[in-house]
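Okay, so we've got a single protein chain in two different forms coming up as structure tokens, structure 1 first and structure 2 after it.
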Structure 1
Amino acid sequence: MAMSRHVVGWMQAAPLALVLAGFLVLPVILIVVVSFWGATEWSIYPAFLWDNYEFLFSSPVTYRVFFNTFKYALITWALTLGIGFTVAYFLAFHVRGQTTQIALFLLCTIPFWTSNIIRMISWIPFLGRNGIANQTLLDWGLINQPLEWLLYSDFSVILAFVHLYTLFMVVPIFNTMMRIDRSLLEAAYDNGASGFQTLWHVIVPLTKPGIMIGTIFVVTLVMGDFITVRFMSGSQSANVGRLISNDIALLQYPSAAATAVVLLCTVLLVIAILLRFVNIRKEL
């Protein structure tokens, strides 16, 4: 009987396992294989060469691009964490009615009803030299000439990232906060804890799983996003995703595959480090 249940369990999991193997594992294996192939200006050929990795790690451009990628990911993570935690805290502890909570939460999701690219490009006329932001600051007399750094800069790239991915931090943190037993907060207040002490010693530790899930979402999305960097920096900056895109445009698929493998390993290493701090299985 136990053996029968075991076989039934494997049979139930088999369809999903086959889908994951065919659409996730197999493509990754192919990317790893192609990363060792050779390439000319007009073709690629099967081989087992380390040339792509040697060129990748010997080029100073690679380190600058990876530095940019980590810079964008770190700054975006810090800003989305601050905003996401604040919004989630307000929704979970200051909004009493469940209907109001749902309404405000849905309000946060309204921007996701449109394409990421449209939401990202919408910042361009707002931040441009003759855009709404500069014209408003000029009309108020706060500046004498338009600010050039509002658009096509690291500022505009990070602003777009924060706009696009903050909700990925809000949702898991809010979900974790809603599971906190309110009697723990009452106990903290009864023992003389201030609001900040309750926040730091009770709410934040219990919210760590949600923070880590949101961190994984935001960091991985930012590190793989190249469209935002391309448009919001005016092609003046680059990240690893942009490097891969350029190689593909030049038909240098082995080089692009090698860069993708390094990026994948980097992201997996970051996730492994994050998972050392908290067990997120309780949230899954």
Structure 2
Amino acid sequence: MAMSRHVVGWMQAAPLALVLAGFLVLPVILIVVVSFWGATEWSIYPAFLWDNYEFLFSSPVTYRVFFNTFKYALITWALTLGIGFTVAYFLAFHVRGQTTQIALFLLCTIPFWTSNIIRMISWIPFLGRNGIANQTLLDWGLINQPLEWLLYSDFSVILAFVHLYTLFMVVPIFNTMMRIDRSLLEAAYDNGASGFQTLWHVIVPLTKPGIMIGTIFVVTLVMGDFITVRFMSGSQSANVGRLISNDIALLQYPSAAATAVVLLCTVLLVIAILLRFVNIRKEL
């Protein structure tokens, strides 16, 4: 062996390292740097100012928006976990025959291949004041006023999030469940465990890695989102992503960068905590 494994390793990893250096590390460094810069109406100039952070941390809106971001992440996480786990559980343990399992699984993944924006806007004719949902409820006489909160509300935002991201929960959980040795379930059954006891004492503990990976996906996707919130709340609600994108739209890059730095730290912190519970490389 002529070259050391370190050299060979780096040669093979070089393209990845280069892409990450150029399109992740440098940009993030630049964001950090620019977060201290100043801005005019149309341009940014190098400086070392705390203004952007000062403004950010002094505005009550910031806290509200961060709170909103966590709120969306938490609620979406809880719902996607509940739905994702149930669906994965059904597929993995109640559907017989691998062909059926895979077929049903694929059926779940198909909508994932459609444009997110289109999936999102498809809710509008459904949920609107005169949308299908309201019409149906009116026709059935369940309500006599259209429900306003179906669209352009936190409800619709979370609905869209759940719609977009549940699959990110289903996939890793299903994957982990499929690797659970079936004889463990029989052993539990043999030991007198009821279906629910088996679920709680055997399946859930063994599915934790999948749940963690799904959680990482959903939490980061929701925390970094800016477009779903804008669309589905009719611009009425905001999360941190929107704060940033609004700043960007108004050419206030340093201010956007400062917010971005805070968001990045928050997300990385959350993920670092989650990663303590799972060894991603091993669980794949």
Partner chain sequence: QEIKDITLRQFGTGVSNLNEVGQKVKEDLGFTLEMTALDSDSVTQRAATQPDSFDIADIEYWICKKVWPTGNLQAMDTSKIKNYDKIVGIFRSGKLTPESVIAQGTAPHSVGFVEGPDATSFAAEETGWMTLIPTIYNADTLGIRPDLIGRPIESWAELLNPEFKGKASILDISSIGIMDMAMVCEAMGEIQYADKGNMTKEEIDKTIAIFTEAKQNGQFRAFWKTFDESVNLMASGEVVIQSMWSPAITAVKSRGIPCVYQPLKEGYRSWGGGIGLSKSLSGMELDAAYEYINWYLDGWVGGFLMRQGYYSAVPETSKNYMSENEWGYWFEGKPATGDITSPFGDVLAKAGDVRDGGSFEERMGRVACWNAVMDENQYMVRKWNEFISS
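The shown structure was predicted, so the numbers you read here are calculated from the model rather than taken from an experiment. Heads up, when I say rigid core I mean the largest set of C-alphas that superpose within 1.5 Å between the two forms. Start at 1 and count along the sequence of structure 1; that gives the residue numbers used here.
Note that the form predicted on its own is the one shown as structure 1, not structure 2. Here residue 236 does not count as shifted, since its C-alpha moves by less than 2 Å between structures 1 and 2 after the core is aligned. With the core held fixed, residue 40 shows a CA shift of 2 Å or greater between structures 1 and 2.
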